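Just one chain is shown here, as structure tokens, and it is the form predicted alone.
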């Protein structure tokens, strides 16, 4: 058959590169927040995650989605979810890199910053399998509220072995955990939960209850155990709910169906019912809300890290495409308007990375009062602002590829997958309004305003726009500390901290452009509206993925 045309001017994919070595903003953020951190592990992980083989696993895990089997072929109830082998390959890599409960062992310097950097890199490859990884990270410290469970499960939650089989704890070298909080009638208002827990007795794991009820969103149902909320006689309480009871029998956790979601395809999100399922009290009866807030702090950190990673990957794909694609006589990356768009995206990505890693540092230094306050304040701020910016970012990065960016092509269209994934981190673990209200609560803890002033102080005197915002921020906090203005306040705090971090960690071209656009008003209402005096070439060169 005669050829109708030659295929040319189509870019080659971004593949077989080191995600860590080429991520200059992340490396600079690590030097600033954890100067003694050894990064050999991140270098090795970055090479693995950028490989063609791992990209294939990411594609297959998303195109061959989880399948629910409620019964076996003989009619026995089994409630199992089947995953593609690529899902398990990704999980093994994440667990082997210690992205789950490992930081709580305290065996490395700056363990939370190290884990945060790895989590961010992994998100560039595939974010949805990280749901059980993130939940395992978050629930591990909460288990200390039940000494018996923590003694048995704690070491295996930090194990670098991944075992997907559904079997008793003593037969597994490593385990993962999930959470079950929300119900149909309540959503974020967990006080409206109706699931009931009735005390049955006590054993080596403490006070044992029978739980009856449901959960409307129950992510990663094939985890080995879960922390759930249920109503006990003293009020809403936290319970440990294993998939397999200590005697080896399967617990009465019945998976009703899997959610058909916009994105996050490799991760199974389910609806479940409990029919007198066995669960053990964690902490005190009636203290479920404070324990949720503690766990939510950790998963919200991961939302910020995850969106930062997705931004970086979307930017890398856009830069890779525009460097190779020619239009009107030269590469797209050399066209003035495209330069503006790419540089603007690079600023947003670097600012997100800087803020997310700064937040992780606060969890490594909880012995210092300032760091405790910053963890309390920056968690809702980072989760709100970084995740809110994600969807806009992905749309603009997709546009850099034109129609090619909008094509799925059996999972080969990574940009389309990123676009579908982006809204999720803003929604789960507390949507935008929840985060803004949580910031208001955080501002009532200790001397929060003084902590923010202290945080911004090292960057003072270098950017007039930042100085003006820093001077005005205490009064703005006082004036805007109302529910109606809480989102605007979260935005202002986020931009001030991001600017201060970039002034201290980034080249002048990046800090100058960020402060001029985000703080100084030299910016439009869409990406690609930086001032003409911006050093576009320096910003773009710093962001290049190769």
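Bear in mind that the values here come from a model prediction, so they are computed numbers and not experimental data. Positions refer to the first chain, counted from 1.
Just so you know, the form predicted in complex with a small molecule exists too; it's not on screen, but the next bit is about it.
Participant: Answer with one of 192, 472, 437, 293: the residue that has a non-hydrogen atom within 4.5 Å of the small molecule in the predicted complex.
Facilitator: Filtering the options by heavy-atom distance leaves 437.
Participant: Which of these residues, 113, 424, 130, 394, gets a heavy atom within 4.5 Å of the small molecule in the predicted complex?
Facilitator: Contact with the small molecule in the predicted complex is made by 424 alone.
Participant: Report whether the minimum heavy atom distance between residue 182 and the small molecule in the predicted complex is within 4.5 Å.
Facilitator: Yes.
Participant: May I ask you to check whether residue 278 falls inside a 4.5 Å heavy atom distance of the small molecule in the predicted complex?
Facilitator: Residue 278: no, not in contact with the small molecule in the predicted complex.
Participant: Taking heavy atoms only, is residue 159 within 4.5 angstroms of the small molecule in the predicted complex?
Facilitator: No, residue 159 is distant from the partner.
Participant: Flag residue 430 as yes or no: does it have a non-hydrogen atom within 4.5 angstroms of any non-hydrogen atom of the small molecule in the predicted complex?
Facilitator: Contact check for residue 430: yes, within 4.5 Å of the small molecule in the predicted complex.
Participant: Among 142 to 150, 321 to 329, 213 to 221, 102 to 110, mark the stretch whose residues have heavy atoms within 4.5 Å of the small molecule in the predicted complex.
Facilitator: Selected stretch: 213 to 221.
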